[in-house]
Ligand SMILES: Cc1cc2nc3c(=O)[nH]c(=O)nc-3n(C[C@H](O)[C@H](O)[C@H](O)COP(=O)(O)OP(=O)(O)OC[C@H]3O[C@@H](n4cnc5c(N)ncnc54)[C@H](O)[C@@H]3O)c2cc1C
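This document starts with one chain, in the form predicted on its own, laid out as structure tokens.
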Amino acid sequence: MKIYDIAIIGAGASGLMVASFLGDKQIALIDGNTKIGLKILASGGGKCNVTNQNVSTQNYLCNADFAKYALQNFTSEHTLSFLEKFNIPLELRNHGQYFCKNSARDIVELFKKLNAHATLFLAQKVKSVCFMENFIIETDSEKIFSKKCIVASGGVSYATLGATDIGYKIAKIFGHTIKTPAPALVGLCVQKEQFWMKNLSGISFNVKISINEKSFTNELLFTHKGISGPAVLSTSLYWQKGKIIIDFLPDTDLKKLLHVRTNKQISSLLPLPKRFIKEFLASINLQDKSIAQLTNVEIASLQSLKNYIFAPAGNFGYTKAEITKGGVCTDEIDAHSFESKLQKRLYFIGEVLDVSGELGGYNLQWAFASAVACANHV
């Protein structure tokens, strides 16, 4: 009976990264997919948004005291240096986001090389884990024995790429608390009063969305289900229920614009797509007329373009969500080693933990940072 030094459950970003830093250890890398890194290949539209120029705990829904150690000890600069060392070309885009210049496949191929020493157990779904002197990981085809176990299985978003709730199940076996998982970085459905937005499917432009004390200025995309796009996806991380505020003209002083009593039509004056203006005006029962003809009441109605308040009806669900928020309670995990406080030699890293990042490379940065912190301890 072979006993591995370390068994890693999950061959995604965090699992592959931690394996890469474990040197000559005997590693069993277990995944339900037939290939490693499938979610990496799908991320960033196939370009893999590896990190962001500006990373802090403020970009995460988490216990900041827990997350700060890993994020400060393996920063975005460390990620960039790591990839540069292996000649992975990157490109810097808007909002400080770094993507693979060629393809996400560059990252996966790198991990294949770095993990050539690991024994791969692919197309094997983990059914249960127990501890009897060593860990016994039971899959649907065999039992794997190891001295230590690292759970890097992620959340339940992207079920088509093999995502399951096995990480939460393993945590529960060993007595851990799970903060209720929910879809995140996902589009938001609209109420009946906002059904006019569905008529705008395919239109996108920059907006500012505010929720509680957070705000995001980025693109909003109208869809047949509701609203999506980068600004909405990040907003969804912090939304549970209740209202959000949209400024459809974040770079425009609307009061000043409407103060000029011109004969231009509303649709000609406002720097917004005409289809949007048409639907918006219909939603507030206002005709497209010249600015000079507007009454004070009508001008006040147009001000809602800067302060449009509504409560989403829900979100698009796990099939459209990029990540899962919630997960293993971080109060029960050591912030430096990522070892369970309830079971020695058991570790949890990456998305399976209750640490969720905004859109823009933050979740891969967390996957890498938590993996390196764990590897350094192991």
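In this text the structure is predicted, and so the values were computed from the model without any measurement. Position 1 is the first residue in the sequence shown; the rest follow in order.
This next part talks about the form predicted together with the ligand, which is not shown.
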Flag Thr330 as yes or no: does it have a non-hydrogen atom within 4.5 angstroms of any non-hydrogen atom of the ligand in the predicted bound form?
no
So, Lys325 and the ligand: in the predicted bound form, are they within 4.5 Å at any heavy atom pair?
no
Would you please decide whether Ala311 lies within 4.5 angstroms of the ligand in the predicted bound form, comparing each non-hydrogen atom pair?
no
Answer for Cys48 alone: is it within 4.5 Å of the ligand in the predicted bound form, judged on heavy atom distances?
yes
Given a 4.5 Å cut-off on heavy atoms, tell me which of 69-77, 285-293, 210-218, 152-160 is the interface stretch with the ligand in the predicted bound form.
152-160
Could you work out which of Thr223, Gln124, Ser146, Ser204 is the residue within 4.5 angstroms of the ligand in the predicted bound form, going by heavy atoms?
Gln124
Which residue among Asn315, Asn59, Gln343, Asn33 has a heavy atom within 4.5 angstroms of the ligand in the predicted bound form?
Asn33
Near the ligand in the predicted bound form, with a heavy atom at 4.5 Å or closer, the residues from 10-41 are Gly10, Ala11, Gly12, Ala13, Ser14, Gly15, Ile30, Asp31, Gly32, Asn33, Lys39
